[in-house]
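Have a look below at one chain only, the form predicted alone, in structure tokens format.
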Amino acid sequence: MRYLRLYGQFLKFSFSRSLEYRLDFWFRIIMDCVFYFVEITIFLVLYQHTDLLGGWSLDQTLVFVCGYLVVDAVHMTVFSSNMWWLPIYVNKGDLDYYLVRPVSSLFFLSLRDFAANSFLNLIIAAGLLVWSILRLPGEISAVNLFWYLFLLGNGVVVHYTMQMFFEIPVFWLHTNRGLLNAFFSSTKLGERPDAIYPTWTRRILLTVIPFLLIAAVPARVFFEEPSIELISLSLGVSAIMFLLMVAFWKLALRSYSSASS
């Protein structure tokens, strides 16, 4: 409950601050809407030349794409601003301010800044997802829909965890610009249906660098009969990756040179 109350204060502060900079507020909304338009248009163009892509029809692919947009919108709203500031805090020694707080430093640094301007984009992305699901022909299984939404939530955790793996080396390298460029380039692998990849590439993208768990696997569970093996793989890999990331974070803190050292 203490953490929930603290996060409530984060939300109040973030919304009040965002409304002070209205031009930036609307600019970010427009920028993300353009991104959504481009992502959907790419697949609309592809389906002008084929009926199936990775075994999925246009309607199924739109659900997949819109699901990815929702995960991305949640990440941009909840985590992205905080992760952008992390390297600056480390290099300037400002991380001390967060380490002395009587709460988890990882919680504080990951969730302190809620991007209120991206919250409207999250609503837009969620609306697109509802639209794409309603386009699907036939009856929608409530069980499949439940697992789809649950695994999309798991995809949010995977996205955050994987970016943290690329952020944390800043404690030793003092800059992570190259690593972040590699991360954002790698996320493109998760923006495509999983079936288009060769077997071994697909296995790597499901386990070692599990970008397919972000949106592709949830979509596959939605379109097919829920597979206990696939669901267990998704949750198991996500849990292991998160625990490894937390251990990596604690190791990095031991190497941190504070402003007072």
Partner chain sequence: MFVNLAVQLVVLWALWTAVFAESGKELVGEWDLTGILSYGVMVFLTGRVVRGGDLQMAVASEIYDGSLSRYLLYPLNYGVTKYAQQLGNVFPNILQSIVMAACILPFMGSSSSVDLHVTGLLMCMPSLILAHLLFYIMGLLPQLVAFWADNVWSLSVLMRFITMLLGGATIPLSLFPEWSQGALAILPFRYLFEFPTLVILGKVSVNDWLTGLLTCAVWCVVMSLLVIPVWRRGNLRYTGVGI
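Positions refer to the first chain, counted from 1. As the structure is a computational prediction, the values presented were derived from the model and not from experiment.
There is another form of the same protein, the form predicted in complex with its partner chain; it is not shown, and what comes next is about it.
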task = Would you confirm whether the three residues Lys92, Pro102 and Leu253 all fall within 4.5 Å of its partner chain in the model of the complex, going by non-hydrogen atoms?
result = no
Interface stretch in the model of the complex with its partner chain - options 212-220, 63-71, 226-234, 50-58, non-hydrogen atom within 4.5 Å = 50-58
task = With heavy atoms only and a cut-off of 4.5 Å, decide whether Leu189 touches its partner chain in the model of the complex.
result = yes
query = Hey, in the model of the complex, is Ile30 touching its partner chain, heavy atoms inside 4.5 Å?
reply = yes
inquiry  = When the contact criterion is heavy atoms within 4.5 Å, does Ile204 count as touching its partner chain in the model of the complex?
reply    = no
request  = Spell out, yes or no, whether the shortest heavy atom distance between Arg177 and its partner chain in the model of the complex is within 4.5 Å.
outcome  = yes
task = Tell me, out of Leu145, Ala182, Ile88, Val130, which residue has a non-hydrogen atom within 4.5 angstroms of its partner chain in the model of the complex.
result = Ala182
